[in-house]
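This document starts with one chain, in the form predicted alone, laid out as C-alpha cells.
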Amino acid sequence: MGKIKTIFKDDLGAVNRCLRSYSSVYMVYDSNVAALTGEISKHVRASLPITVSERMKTVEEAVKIDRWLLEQNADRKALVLAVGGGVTIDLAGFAASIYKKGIAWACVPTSLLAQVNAAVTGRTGVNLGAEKDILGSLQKPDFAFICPKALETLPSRDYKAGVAELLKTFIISDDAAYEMTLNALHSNYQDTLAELVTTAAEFNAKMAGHGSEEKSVLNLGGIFCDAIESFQLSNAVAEPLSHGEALAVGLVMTARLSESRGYAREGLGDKIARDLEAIGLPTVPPCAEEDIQDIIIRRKKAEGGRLNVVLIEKIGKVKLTRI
C-alpha cells in the first residue's frame, strides 16, 4: 500500500477544494461534530449522521451505511467522506471498501487520536463480538484532511486519549519529540503541539506505506490494548476505557515487559507511567492481569503459537520480536 495523501490545513473549509473533482460525495459523520460539517458540505450530495461508540463498530453498522448508500443511488464513482474520530473513520472506511466491491473514501479526522493514527494508516476495521478489529480492509483513503480547528471542541478526556497515541508515536521514533510533547502539554503551548501532531501524522503515514514487518512497529502497545478492549466488550463493562486510554495502559505494560525480557533498562515502565499519569491518563489495567493474559494466550494459539510484539529498547527505539 502506497503513501496516503495527507493534507494539513488550518482552514476546515479547504476540504471543499479537495471534493470538487468527485462526481458525487456522501458524507458519514459523527453526530457529535455536526457543527463542523456546515463548512465542508458544499460538494456533498447527501449526509448521514451516526452515533458512535466502540460497541457500535460492527459489521451490522457498516452494512447500515451501505444500505443508505444504496438508497441514495451511490454509484462506483462516488466518494464516501468520513468526518469524525477513529470509530467513524473505521466504520465509514470499511463500509466504502465493501460497497459495490469497493468505492473511494476520504476522511476528516476530528479527534487527536484519529489525526495522528486512524486517518493516515489506511487500516479500517470492525469488531466481531468481543474480538477487536478482527474484520477490516487495507483500502487507503484518497486523502486525509487534518485541521487543528477540528480539535477545538474536543472534550478533555478525548484529547488526553489522543495524547497517548501521540506519545506512542514518539516512543517509536523520536525521544526529543516525546519530551517536547510533555513540555508543550504542561506549558499549554498549542502551536508546538500542532506541529508535533503534524510530525507524528507524517511519520505514521510514511510507515504505513512500508512493508508489513516495517510498519508493524506502529502496533506498539497494541497486544495489551486490544486485549483490554476485548475484555471490556465481552464483559459489557459499564464505563470502559476508551481506545486511547487502553493504549496508555498498554504502553506501560509493554515497557514493563521490555524490562523483564532484558530489552530495556529498569525504570522505563515507571517513567512512562509517571509521564502518562501526569497528563491524567490511566496506567493500570481495568481488570486482573490474568484476564488480559488469557486473551493474549488465546490469540497466540490462534496464530500458531507465536505472536509479533513490539518491545521498547528506549524511548525513540523499538524492536519487533516474537513471543
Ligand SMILES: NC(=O)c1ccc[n+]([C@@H]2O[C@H](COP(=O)([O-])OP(=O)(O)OC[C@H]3O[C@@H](n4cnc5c(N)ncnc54)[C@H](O)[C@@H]3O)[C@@H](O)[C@H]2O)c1
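The numbering used is simple: start at 1 and walk along the sequence shown. Just so you know, these numbers come straight off a predicted model, no measurement behind them.
Absent from the display: the form predicted in complex with this ligand. The rest refers to it.
Of the candidate stretches 95-103, 116-124, 69-77, 190-198, only 116-124 contains residues with a heavy atom within 4.5 Å of this ligand in the predicted bound form.
Contact annotation for the candidate site: S173, G221 and R256 all lie away from this ligand in the predicted bound form (no heavy atom within 4.5 Å). Note on contacts: among T88, T169, T181, S230, the single residue with a heavy atom within 4.5 Å of this ligand in the predicted bound form is T88. The single contact residue among V52, V44, I292, A273, judged by any heavy atom lying within 4.5 Å of this ligand in the predicted bound form, is V52.
Taking non-hydrogen atoms only, A177 never approaches this ligand to within 4.5 angstroms in the predicted bound form. Put simply, D133 is close to this ligand in the predicted bound form: some heavy atom of it is within 4.5 Å. This ligand in the predicted bound form is approached by P155, whose closest heavy atom lies within 4.5 angstroms of it. Although the partner is absent here, K140 sits far enough away that none of its heavy atoms falls within 4.5 Å of this ligand in the predicted bound form. Residues of 31-45 placing a heavy atom within 4.5 Å of this ligand in the predicted bound form, in sequence order: N32, V33, L36.
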